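Given as structure tokens, the chain that follows is alone and in the form predicted alone.
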Amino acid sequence: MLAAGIIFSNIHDANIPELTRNRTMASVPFGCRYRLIDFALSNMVNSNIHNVSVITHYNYQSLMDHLGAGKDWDLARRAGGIKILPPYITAYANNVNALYRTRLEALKSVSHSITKITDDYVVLSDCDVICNIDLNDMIRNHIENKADITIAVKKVTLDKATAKANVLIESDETGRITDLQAYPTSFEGDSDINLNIMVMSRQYLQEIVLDAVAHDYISLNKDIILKNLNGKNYRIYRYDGYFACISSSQDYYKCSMELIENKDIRDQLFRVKNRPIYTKVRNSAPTYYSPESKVTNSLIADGCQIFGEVENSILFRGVKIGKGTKVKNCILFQDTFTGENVVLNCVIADKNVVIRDNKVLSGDESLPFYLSKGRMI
């Protein structure tokens, strides 16, 4: 049972424009030392998928820096390995060379590469799917049910705000998909939501892409799945573990804070037997805690220097907290520097931010204060 993987790196960039101004959604930092793409990549590697293509859009320099040759995910291979596919690498992939907006348009833009896939099955995943899922079991389920497409879903309770950020899937008692609602505006209640992970055969994927090119289809949900519900065997795969998808800056902040507050979430993501989450390894020095420092209920990466107080916060590599500084409910990206006697509350500071002495910055849990990359204040 050989499978290839395809990851969409830019599909949801517009969800958090503050963090994706200079990077793809795939390379957004998360959880102290990871990037969002680490979860999708690790899920594939842990399921023996070692031929992975990452479809890019723009702003993918930081993604390339993070992935490198794929060594940290055991994907630096002569056969297979990891491949970064820039958009429209062939002249006929798009006749106006417009940047794609949907997954189907992304697949059309790399149609030449898709025709070269030789594995029996293909797993498609968004880059911002934060979960630890056994894709081997999902592929087995797909084969046993002789499905054309299998979509991972999770049963959740939705209000109107969360429903319009998701694709809702209805299925019968056998697991066959009967209907699909894309981003409904008035739904409330319990429903299966699409986790944006799907399995299909290589032949069917190639057929879909060729059909989309011929008929100028743009939506995988509306133009492919909904139109073929009666004639094709589309099925769900129910996932019961922790799942999060970033649909706004508030979602990003909330999901990050959940890692601190909920040990069960950390266990479901990072302590699943035989399914670790891999990331780029950096040989940093251990974090230094001065005698006068105080740290409570926080996630601290290597290479930090802490001389003040840190509470309920996430600090990435190389962050320095000055003397007399108080950091609470904050997310500080790599190499953020705070001076002395600074007060930060509900702040997201991007990489290489410098906050000078005696500054007071505060946001709110529903609207965190954001400092852009390289900002000095």
Partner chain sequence: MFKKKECVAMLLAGGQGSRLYTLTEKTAKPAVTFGGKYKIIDFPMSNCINSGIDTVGVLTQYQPLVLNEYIGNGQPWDLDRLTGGVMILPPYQAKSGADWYKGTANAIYQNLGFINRYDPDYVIILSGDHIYKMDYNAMLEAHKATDADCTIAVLDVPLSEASRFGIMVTDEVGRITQFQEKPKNPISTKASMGIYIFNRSVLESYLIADENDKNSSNDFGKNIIPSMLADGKKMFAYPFVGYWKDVGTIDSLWEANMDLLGENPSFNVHDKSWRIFSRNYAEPPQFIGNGGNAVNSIITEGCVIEGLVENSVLSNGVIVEPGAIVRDSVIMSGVTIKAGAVVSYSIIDSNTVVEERAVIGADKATAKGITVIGSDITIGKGSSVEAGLMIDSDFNNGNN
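Residue numbers count along the first chain shown, from 1. Here the structure is a predicted model, which is why all the values come from computation and not from measurement.
If you look for the form predicted together with its partner chain, you will not find it shown, but the lines that follow are about it.
None of the heavy atoms of residue 243 is located within 4.5 Å of its partner chain in the model of the complex. In the model of the complex, its partner chain sits beyond 4.5 Å of every heavy atom of residue 346. Residue contact with its partner chain in the model of the complex: residue 217 places no heavy atom within 4.5 Å of it. Its partner chain is not shown here, but in the model of the complex it comes within 4.5 Å of a heavy atom of residue 289. With the partner removed from view, the residue among 328, 57, 323, 351 that has a non-hydrogen atom within 4.5 Å of its partner chain in the model of the complex turns out to be 323. Interface residue among 305, 141, 201, 250, judged by heavy atoms within 4.5 Å of its partner chain in the model of the complex: 305. Contact with its partner chain in the model of the complex, defined as a heavy atom within 4.5 Å, is made by none of 158, 183 and 195. Picking from 264-272, 171-179, 100-108, 231-239 the stretch near its partner chain in the model of the complex, with a 4.5 Å limit on heavy atoms, gives 264-272.
For the stretch 17-45, the set of residues having any non-hydrogen atom within 4.5 angstroms of its partner chain in the model of the complex comprises 31, 32, 33, 34, in sequence order.
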